[in-house]
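The chain below stands alone, shown as structure tokens; this is the form predicted on its own.
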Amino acid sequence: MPRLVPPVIPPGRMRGGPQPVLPAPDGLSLRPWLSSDAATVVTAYRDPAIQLWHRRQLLTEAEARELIAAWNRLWQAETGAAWAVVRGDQGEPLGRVSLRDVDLDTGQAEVGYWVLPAARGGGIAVSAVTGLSRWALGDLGLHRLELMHSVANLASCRVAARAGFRLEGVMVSALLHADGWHDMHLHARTQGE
């Protein structure tokens, strides 16, 4: 059946090349995850604050290596991508930033992130989300990015606002966490903003 509207981004735009290392403000870079980062991923997913807002738990480095491999496969599938947030371009990870639910046809994706406990409080999440957003809305050509977080996660609300994502509303009882159903804030940023 003929289409009335062409895809916003043609298939192959992501998988046609390697996942890039992206610049971010404040001397940070976003690089693809390496299997050698497994211990850092285990440390992150054992952190009580990360567990509070996420739905996954890792117990071993083997599980972390499997998760990193899954994150890296998202690029080739053109359904997402995950980056380690580092100082310079090849340092130890300070956090993670990602695109989830990438839809090249409609030009939309969701942004997610976390920061390791030792790196919190210095604006790393804002810089990482800003760097990823510039690339996703610019070079990749997405039209809309969404960022969702529990309404109880005030730090994520501040990150979204400082990274240029406007609050669009509340999704009632939208995501099940370990402690029950959470209302979620929906923030968004579009191309040209």
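Residue indices: 1-based, along the sequence shown. Predicted model only: the values in this text are computed from it and were never measured.
Keep in mind the form predicted together with a small molecule is missing from the figure; the text below concerns it.
Only one of 164-172, 35-43, 125-133, 64-72 lies within 4.5 Å of the small molecule in the predicted complex by heavy atoms, and it is 125-133. For the three marked residues, Gly121, Asn153 and Ser156, a heavy atom of each sits within 4.5 Å of the small molecule in the predicted complex.
Contact annotation for Leu137: none of its heavy atoms lies within 4.5 Å of the small molecule in the predicted complex. Using a 4.5 angstroms threshold between heavy atoms, His149 counts as touching the small molecule in the predicted complex. The shortest heavy atom separation between Val102 and the small molecule in the predicted complex exceeds 4.5 Å. Among residues of the shown chain, Leu58 is not one whose heavy atoms approach the small molecule to within 4.5 Å in the predicted complex. Taking Ala81, Val115, Ala84, Ala109 one by one, only a single residue has any non-hydrogen atom within 4.5 Å of the small molecule in the predicted complex, and it is Val115.
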